[in-house]
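The chain below stands alone and is given as structure tokens, in the form predicted on its own.
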Amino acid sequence: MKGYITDPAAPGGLRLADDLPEPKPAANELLVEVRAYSINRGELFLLKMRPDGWRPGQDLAGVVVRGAADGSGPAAGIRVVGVVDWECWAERVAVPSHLAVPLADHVSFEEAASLPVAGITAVRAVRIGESLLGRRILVTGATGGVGQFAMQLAAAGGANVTGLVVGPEREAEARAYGAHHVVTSLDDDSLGTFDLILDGIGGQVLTDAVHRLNPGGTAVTYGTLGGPAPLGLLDFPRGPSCKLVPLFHGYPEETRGEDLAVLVGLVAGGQVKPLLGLVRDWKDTLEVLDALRERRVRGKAVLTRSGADA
């Protein structure tokens, strides 16, 4: 079987192998033929950290080749989107049945593959804000993988959404994906304050954002692109206690499939539209990784297995 594997001797430390063992699904796992997968920014760090021989990949969409032996989950022949801990940058992968969600026929494999990690993160981040109707929300990294979903979900919940982007060239895209206001800096005092901050950057951006938090407000952080945030007590507004909530997309594990299903339903219904910044054949994975490292991708980067039957 073909699939990507880490190899320090290969260009970029990754190579497409053609001799990988076939997956051996457990009783509660499906065997899925991968038609598309997306790359998450966190995987850039994992590729550096994992030893020789590690197989990357979390987000996938494809077709069930063989259903779970215990009868759980979608049956053979069903189009699905799924999330795994690793090994889906390959022709086939075993997917726990509770982490595989059936797809409507009009949702493409490319759209579906963009959803799992970024989409689950966005769903969970927005939920932390509880009622969104009429609330002012700031989303940093607004046209990034998580940001584009977070803006759409917040806007759908009735929030007034401000998106922070890296430059004016991204303003139109941010507005198209749910932002009512778009800014390139948090230095403007006319911005006012926010009830909820959804931060995918970290570093100084998170600190500056917290300075604009309403008393009693909540900041949710799920990204580290900007490095550690220099935050202390006096960075928070005085008054009712604020909350700073770190969010790790994989926890709680047992409800990841349910959260993914919510997002899949919204995409199928037209309420959420994935921003696909780059779609390439899976043989171009190394080039796409470089594009992500150089921050040349808006939204999600998706790789397709063009050799698979449609």
Ligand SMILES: NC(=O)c1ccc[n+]([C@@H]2O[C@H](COP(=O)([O-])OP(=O)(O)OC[C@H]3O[C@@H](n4cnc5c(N)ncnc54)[C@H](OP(=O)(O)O)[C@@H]3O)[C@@H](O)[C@H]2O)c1
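Since this is a predicted model, take the numbers as computed values, not measurements. Heads up: residue numbers just count along the shown sequence, starting at 1.
Keep in mind that the form predicted in complex with the named molecule is not shown, yet the notes after this line are about it.
Participant: Within 4.5 Å, heavy atoms only, one stretch in 189 to 197, 136 to 144, 67 to 75, 107 to 115 touches the named molecule in the model of the complex. Which?
Facilitator: Of the options, only 136 to 144 has residues within 4.5 Å of the partner.
Participant: Though only this chain appears here, would Gly299 touch the named molecule in the model of the complex if you measure heavy atom gaps against 4.5 Å?
Facilitator: It does: once the named molecule is placed as it appears in the model of the complex, Gly299 has a heavy atom within 4.5 Å of it.
Participant: Though only this chain appears here, would Trp89 touch the named molecule in the model of the complex if you measure heavy atom gaps against 4.5 Å?
Facilitator: Because no heavy atom of Trp89 falls inside 4.5 Å of the named molecule in the model of the complex, the answer is no.
Participant: With a cut-off of 4.5 Å between heavy atoms, is Gln152 one of the residues that contacts the named molecule in the model of the complex?
Facilitator: No, Gln152 is distant from the partner.
Participant: How about Leu247: is it within 4.5 Å of the named molecule in the model of the complex, going by heavy atoms?
Facilitator: The answer is yes: Leu247 has a heavy atom within 4.5 Å of the named molecule.
Participant: Can you pick out, from Ala156, Ile128, Leu225, Leu231, the residue that has a heavy atom within 4.5 Å of the named molecule in the model of the complex?
Facilitator: Checking each option against the named molecule in the model of the complex, the one that comes within 4.5 Å is Leu225.
Participant: Heavy atom within 4.5 Å of the named molecule in the model of the complex: which of Arg212, His98, Arg170, Arg79 fits that? Just give me the one.
Facilitator: Looking at Arg212, His98, Arg170, Arg79 one by one, just Arg170 meets the 4.5 Å heavy-atom criterion.
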